[in-house]
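Below you will find one chain, with nothing else, as structure tokens; this is the form predicted alone, and questions on how it binds or moves follow later.
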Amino acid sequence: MLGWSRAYPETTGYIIPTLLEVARRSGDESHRARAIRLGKWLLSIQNADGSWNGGKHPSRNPTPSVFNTGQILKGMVALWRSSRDTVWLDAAGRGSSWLAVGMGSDGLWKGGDYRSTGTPSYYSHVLWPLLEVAAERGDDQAREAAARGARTIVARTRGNGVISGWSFQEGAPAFTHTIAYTIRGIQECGRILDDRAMMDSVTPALDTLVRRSELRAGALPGAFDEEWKPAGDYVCLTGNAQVARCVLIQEARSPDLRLVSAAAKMVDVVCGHQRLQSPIAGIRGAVGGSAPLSGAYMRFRYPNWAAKYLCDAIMVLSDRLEKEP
């Protein structure tokens, strides 16, 4: 397929916080206006039960999605915190209520989603926004359910730091994209719950990723199996930026310039593959799915979330570097 795909509600949701942060830093209110437009569009396609559908919009087979709903909650919460307009918190509340109804006693969802029959470990990235909404609404029941889910996922941690089930497909190698989803979700759940042990649980995985990145000048292999064996000779650029962000969260808890340096190298790798020049205006500034572009993750495509995660990593890295003399 050539050209733009249909709209993607999932990533639209979590791009909103990035746009709001860019607006805050730059003073350019066009970014805030764009975030609000995206939010209003998401409101217009929210299901009556509070969920959002999976896949692209309009969907050929509309089905409510746990993961997509969780990612959209991030945009709703960010807009609420930015504007204090209750329309955003109300929508987030309906979405979180739908998520909570479907949770089992272990805090996870039984129906599976995307390519898995059970709840993948990267659904820590759903539990995180669920906790954010619970904090805003004072919903102790949702908070405890999400906390159970986070602990269930942490319990999957193997002796080598791998968290079983963090790939898209059961038994398959995991892209650094979903590895970082899992780690970041656990880090943020631990932060909100004030659970130091939960945050510490991802340290072995991050230590391995930092070592692997240092051996390749910041260019992580695009995927790993559960023995940390690389799968394929390419870089998942989205995952590289996401892992850098996770490393910076770790470093903020325990300052270490070696971690700052490692994160900076990961970010530099992604920046080196950003399309800054193109005769096609829509591609300028884009980041490919993989490097080379023929790599296994989002082959020959420029996903909007790759640019989003690069923006996030650059902003946090810049803040950290400004603290150094």
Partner chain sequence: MNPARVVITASHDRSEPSEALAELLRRDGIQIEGILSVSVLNLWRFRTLVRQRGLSAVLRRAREAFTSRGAGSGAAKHDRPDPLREFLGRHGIKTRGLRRWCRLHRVPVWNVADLNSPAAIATVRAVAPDAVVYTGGGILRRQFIDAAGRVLNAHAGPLPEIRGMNAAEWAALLGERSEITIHHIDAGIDTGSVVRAYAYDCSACMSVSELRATAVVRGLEGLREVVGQLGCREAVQYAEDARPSRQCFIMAAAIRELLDRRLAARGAGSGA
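Not measured: the values here are computed from a predicted model. Positions refer to the first chain, counted from 1.
One more form of this protein should be noted, the form predicted together with its partner chain, which is absent from this view; the next part is about it.
Heavy atoms of residue 293 never reach within 4.5 Å of its partner chain in the predicted complex, leaving it off the interface. Mapping the unseen interface onto this chain, residue 286 falls outside it, with no heavy atom inside 4.5 Å of its partner chain in the predicted complex.
Put simply, residue 257 is close to its partner chain in the predicted complex: some heavy atom of it is within 4.5 Å.
Taking non-hydrogen atoms only, residue 261 approaches its partner chain to within 4.5 angstroms in the predicted complex.
Listed residues 158, 216, 253, 196 were compared with its partner chain in the predicted complex; 216 is the one with a heavy atom within 4.5 Å. Just one of 140, 85, 227, 207 comes within 4.5 Å of its partner chain in the predicted complex, counting any heavy atom, and that one is 207. Taken together, the three residues 211, 233 and 325 all lie with some non-hydrogen atom within 4.5 angstroms of its partner chain in the predicted complex.
Screening 63-71, 275-283, 262-270, 30-38 for residues having heavy atoms within 4.5 Å of its partner chain in the predicted complex returns a single hit, 262-270.
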